[in-house]
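Before any questions on binding or motion, here is one chain by itself as C-alpha cells, the form predicted alone.
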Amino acid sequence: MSTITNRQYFFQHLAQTSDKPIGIEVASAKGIYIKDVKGQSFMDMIAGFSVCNIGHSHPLVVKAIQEQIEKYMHVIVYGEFIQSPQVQYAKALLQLLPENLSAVYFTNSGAEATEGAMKLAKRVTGKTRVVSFKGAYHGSTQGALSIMGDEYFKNAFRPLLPDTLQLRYNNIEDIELIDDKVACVFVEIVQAETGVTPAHKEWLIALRKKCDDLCVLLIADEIQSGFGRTGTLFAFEQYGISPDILLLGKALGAGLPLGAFIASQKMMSTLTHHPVLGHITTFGGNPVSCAAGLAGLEVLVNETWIQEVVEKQNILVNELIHPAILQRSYKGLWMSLQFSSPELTKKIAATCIENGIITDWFLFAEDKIRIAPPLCITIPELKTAIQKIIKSIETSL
C-alpha cells in the first residue's frame, strides 16, 4: 500500500501560486527559527513577510489565544455583538495613534482593508477617482489590483475598476495631477515590493498638503511598514504627517489573520446608513485574532526591540557588504539587496535556504533579495545571518 506524503498532496491538491514554491515542510516555529520535518533549522529573515515582527509563537500570544479559545471563537458577523477582544484591541491601537484616527474597522487581511478604505473614501467624498503610485502594492483582490502600480500583474485580469490613476512615486511634479475629482490617494509610506523604497519627506508633506487643499483623503498603507519595522511604531510618525485613513495588516494579528482600516468616527459612521450595512464582513475582527494581536502589541511596546531597530539597521548597512551587491535600499530593519539579474538573485535565495536562511525576492523587483527579520532578532543572531548570506552570495557566483 503506497503512502502519499504531505509534499505530494501539497502539489496535487493545494492551489499553487508559482511553479517553484520554497517547499520547506514546516514542523515548528519559535522566535526567529523555523524547523522542518527533518529537523533542519532555518533563520527566518523575512518574518513571514513582516507578519511575525515579534517572532514566531511568542508565549504571551500563545497564552492569549488559548485563553480566548476557551471563552468563545466566532459568534456572529463583525459589528453586531460586543466582543471584548475587538474592543480592547481597538482601544489599545487608538491610544497610540493621532486623534483623528478614532474608529477601527477590523478585516481579515490587508487587501480587505484596502477594499474597505476605497469604499469609505468614495462614500465620504462623493467622488470616484482613486489615485495610487507606480510600484504600489495594496493587495491582489479586484479593487486592490486596480490600484496596483505594476501592469504585468494587472493585464491578465482586465477589465478592472475604472477611474484610477497611477502617478510616479516620490515625484513632486506628478502631485499637480491630483485634482478635485479625486476621492482619495493611496500611498505606502515605504513602498514594499519595489524593494524597500521610502517616501521622501518633502514629497510626502507636499502630498498631504495637496490632499488638504482639495478635500482629498490621504490613505496611508502601513500594512508592511507598521508595528516597528522602520524604527517607530508606524512609519508615518517619522514624516510629521497624519493620514485620513490608515491601513494595517501583516503584523497586526501577531501571526493570525487580521487587517484593519482606521479613520475618524465621523467618516466611519457613513457606512451605517444609506445603505445600512454599507460594509460588512463575516470573519473580520475574529476574536481569537484580536486577542493574539493585542497580546502581540503589548509585547512590542513593552520590549526594547523598536528602540533597537536603528542599531540593527546600521549593522546590516555596515556588515552586509559584497561586491556582487549592486545597490541596497533600507528603512529600519528592512532592506533590499540588488544583484545583476533575477536569475542570480533566485540562485542566491535558493543557496540561502541550503545554508539555513529564509529569504525571498520582491514582487516588482526580482533582482532584489528581501531582508526583514523579526524585530526580536539578537545582534549575535543578526551577525550570524549576515555571514551566511555573504557565504551564499559567494557560493552562487
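Residues carry their position along the shown sequence, with the first being 1. The structure presented is a predicted model; accordingly, all values stated were derived computationally and were not measured.
What comes next is about the form predicted together with a small molecule, which is not displayed.
Enquirer: The small molecule isn't shown here, but in the model of the complex, which of 83 to 91, 138 to 146, 273 to 281, 200 to 208 has heavy atoms within 4.5 Å of it?
Expert: Comparing against the small molecule in the model of the complex, the contact stretch is 138 to 146.
Enquirer: Quick check on this chain: which one of 166, 125, 109, 194 has a heavy atom within 4.5 Å of the small molecule in the model of the complex?
Expert: Looking at the other structure, the residue within range turns out to be 109.
Enquirer: Quick one: of 289, 230, 132, 224, which gets a non-hydrogen atom within 4.5 angstroms of the small molecule in the model of the complex?
Expert: After the contact test, the surviving option is 224.
Enquirer: Although the partner isn't part of this model, could you tell me whether residue 250 comes within 4.5 Å of the small molecule in the model of the complex, counting any heavy atom of the residue?
Expert: Judged by the heavy-atom cut-off of 4.5 Å, residue 250 is in contact with the small molecule in the model of the complex.
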